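Only one chain comes next, encoded as structure tokens, the form predicted on its own.
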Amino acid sequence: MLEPLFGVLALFPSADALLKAIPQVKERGFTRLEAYTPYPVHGIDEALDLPKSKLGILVFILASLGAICAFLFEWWTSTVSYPLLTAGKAYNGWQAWVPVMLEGTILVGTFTAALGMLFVFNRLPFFGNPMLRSKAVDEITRDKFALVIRPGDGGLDTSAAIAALRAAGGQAIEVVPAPHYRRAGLAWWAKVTAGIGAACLVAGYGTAWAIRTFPTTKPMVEMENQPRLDAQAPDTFFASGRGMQLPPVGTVPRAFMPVLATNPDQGGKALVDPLPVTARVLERGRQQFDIHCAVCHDKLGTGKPWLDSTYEAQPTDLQSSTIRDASDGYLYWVISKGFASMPAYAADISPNDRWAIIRYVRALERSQDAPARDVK
């Protein structure tokens, strides 16, 4: 019984010679062709009419799934399992999860590309490619380029195939048989799995033994003993000798709105409260008022400080007619720039919170001296 035929092979000295030979062989009616090259050759897929690989689609789908799984893991951890408030940020602040999502995408995408190429498209663990038994395999892996005419549904006329390859400039032509190979069975997979498990155990216990035996060997201690700088600590790296550095001159923080008016009267004319009168704004104003203002102006804004007699300043009575008649822009300028004994709070209170405080002050004024139309 004759051994089944894999194809007829010919070698070519260069990639250009191979690319020129492919259309010549096709003109003789041979369309089922394969090429073997020592390095990727641009245009070879189009010349052989090979379909676009589905590996990229598979990698895209599973890499996207990796990103989604990482996002859901971060969301569940940060918002459901262990919600932790960090610097006032929202629990579901997805921006901080991007590094983990990126790592999940890369991890799953890389494994999909490698395992998909090997096991799905190259059909490993089938190691019996007939080309490995050809005489030309050594030269193909060095500097020669091979073209193989494969049998079609009706078989292959080897004489015509040899003539076509020789006419196209092929050298070292040979007929490559296709011996029968058995696919890996359950026993083979069991051995491979056991071998991988044994290798993992040896590597794990070996690493643990090395760490216990040589605890101070680099790089094992480099992650644990990293240089660090505590807050407010001195540091010789900077000329100022301080670890915490001031921002560069002229730095403007986000959402910063400069107050250009030079006095409160100008501010009263130029500045307008942009916030609506809502329960949320008033509640925010009350919270900020209690934090920053009540200690001097009293909870009701009467100007009676909570401090003892050593505090000699005379806070303004926010219930007075002077403050009632002042515009919102006037009060905003005073809070931002400071006035008399009151310091500037622009660095401590955001613009919107300053306007919210003014809204709350207006509510306090009406609560203590409500007009008749507000009394029911």
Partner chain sequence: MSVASRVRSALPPRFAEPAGGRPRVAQPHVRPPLWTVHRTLWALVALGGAGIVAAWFLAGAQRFWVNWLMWLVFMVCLALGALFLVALQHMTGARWSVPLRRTAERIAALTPWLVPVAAIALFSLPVVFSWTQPDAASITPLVLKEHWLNRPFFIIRLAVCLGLWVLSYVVLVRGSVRQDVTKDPSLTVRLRRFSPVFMILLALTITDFAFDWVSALEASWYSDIFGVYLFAGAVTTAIAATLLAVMHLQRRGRLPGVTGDHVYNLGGLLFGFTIFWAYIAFSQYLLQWYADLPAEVFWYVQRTSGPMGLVFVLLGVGHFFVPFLALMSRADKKSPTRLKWVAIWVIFMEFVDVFWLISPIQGGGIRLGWPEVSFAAFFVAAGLLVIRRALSLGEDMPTGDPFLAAGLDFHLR
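As the structure is a prediction and not an experimental result, all values here were calculated from the model. Numbering follows the first chain given and starts at 1.
Below: the form predicted in complex with its partner chain, not depicted.
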**Prompt:** Is A313 close enough to touch its partner chain in the model of the complex, meaning at least one heavy atom pair within 4.5 Å?
**Reply:** no
**Request:** Indicate whether its partner chain has at least one heavy atom within 4.5 Å of a heavy atom of K89 in the model of the complex.
**Result:** yes
**Prompt:** Counting only non-hydrogen atoms and a 4.5 angstroms cut-off, does V41 reach its partner chain in the model of the complex?
**Reply:** yes
**Request:** Mark Q95 yes when one of its heavy atoms lies within 4.5 Å of a heavy atom of its partner chain in the model of the complex, and no otherwise.
**Result:** yes
**Asked** Though its partner chain is not shown, can you say which of P99, P276, P83, G185 has a heavy atom within 4.5 Å of it in the model of the complex?
**Response** P99
**Request:** Identify, from the list E27, D45, D317, E34, the residue with a heavy atom within 4.5 Å of its partner chain in the model of the complex.
**Result:** D45
**Request:** Enumerate the residues of 340 to 368 that have a non-hydrogen atom within 4.5 Å of its partner chain in the model of the complex, in sequence order, or give none.
**Result:** none
